[in-house]
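Presented as structure tokens, the chain that follows is alone, the form predicted alone.
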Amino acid sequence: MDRAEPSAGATPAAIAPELSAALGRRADESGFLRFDRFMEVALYGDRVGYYAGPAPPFGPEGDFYTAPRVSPLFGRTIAAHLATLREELGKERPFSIVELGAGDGTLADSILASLPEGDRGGLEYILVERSPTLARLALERASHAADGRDVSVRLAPSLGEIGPFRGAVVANEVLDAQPARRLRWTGSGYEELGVRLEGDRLVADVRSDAGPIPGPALPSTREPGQIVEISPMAEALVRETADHLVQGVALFLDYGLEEPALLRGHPGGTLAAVRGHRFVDAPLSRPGATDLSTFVNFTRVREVARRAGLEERAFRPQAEALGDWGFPRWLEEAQGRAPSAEERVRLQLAAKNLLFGFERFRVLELATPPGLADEPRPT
């Protein structure tokens, strides 16, 4: 989902006892939680987090759309690119497609259904999804798509649990949903933005000293009041990819910007809260029932990937990547098979939405160094 300009309103919110207890366990002695720790519980907390809910958050009955739901041609195009990558590595050898944040399996369904028949032997599709509800749906949908084909499908709790593998990582709208720290420059240092529990209410709070910030250096030129968002978990996910992908490519498709553009265009940060396909002015108003996300800082992500030993094959707008991977061809073929003029119009409208409705999306394509042996690298 492409995000409009968000708001970081701080309206106090009453919260349920179970969520309050979960947040309290993560707070420090004064009751303060860094924003990434709050976001972790609000999105992924067991039984209380947004993604732990009983129903998928996607589609018309949910809170937002993702590209795989806009058009199956999104997955069809990625499948074509994965087939090309497998050709590069040698089709006679095992090849794993690891989808991070598999959601309800919509993308896996379209990728598996679109892989050429000759490319399915020795293929494994691994779904990594933190939400138990979504993981069950993803496995059911992907297994159905693979039925009768020479493809194995399985779940994994995390990328790290898979061990060394050869193939491709696909991560669509995953980095933006990783918990993020929110830091505000005072003119002499960074203060840490977060939340505080006051009885049964949640309020915005700040800690005067953010302390050491791991990873790439923060920007050196800042105006007082500038908010910088970083996601240690998103950066760790990139490093984990480098640790376990022995030979192959990783595709990160997400909305975000380079750091200078983020600072210039979003001095108040990019935190967005979405519910019912609408942006919520007060992100703290209904924790656990509202999607929270921040723009990906691609400058940091690219630097983390470089330090981890991955090589950058491409970094470009999503529409450009889809075009290079054959999207016009797959659209033309789909329109040629359409049973009616009305269906052809629907295909065209979906394609337009996919190419122009996700204008802030970028594709970062990373690869292991050429000639790497099929052995795990030392960590």
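Numbering starts at 1 and runs along the sequence shown. In this text, all values refer to a predicted model and were calculated from it rather than measured experimentally.
This next part talks about the form predicted together with a small molecule, which is not shown.
**Q** Would you say all of 231, 258 and 304 touch the small molecule in the model of the complex, counting a heavy atom within 4.5 Å as a touch?
**A** No, the candidate spot makes no contact with the small molecule.
**Q** Is residue 235 close enough to the small molecule in the model of the complex to count, meaning some heavy atom within 4.5 Å?
**A** No, no contact at 4.5 Å.
**Q** With the partner left out here, check for me: in the model of the complex, does some heavy atom of residue 327 sit within 4.5 Å of the small molecule?
**A** Taking the distances in the model of the complex, the answer for residue 327 is no, it never comes within 4.5 Å of the small molecule.
**Q** My question is simply whether residue 102 lines the interface with the small molecule in the model of the complex - judged by any non-hydrogen atom within 4.5 Å.
**A** Yes, residue 102 lies within 4.5 Å of the small molecule in the model of the complex.
**Q** Indicate whether the small molecule has at least one heavy atom within 4.5 Å of a heavy atom of residue 318 in the model of the complex.
**A** Outside the cut-off, so no.
**Q** Between the options 174, 210, 284, 111, which residue brings a heavy atom to within 4.5 Å of the small molecule in the model of the complex?
**A** By the 4.5 Å criterion, the partner-contacting residue is 174.
**Q** Only one of 71, 178, 290, 241 gets a heavy atom within 4.5 Å of the small molecule in the model of the complex. Which one?
**A** Spelling it out, the residue with a heavy atom inside the cut-off is 178.
**Q** Within 4.5 Å of the small molecule in the model of the complex, counting heavy atoms only, one of 122-130, 192-200, 83-91, 243-251 shows up; tell me which.
**A** Heavy-atom contact with the partner occurs in 122-130.
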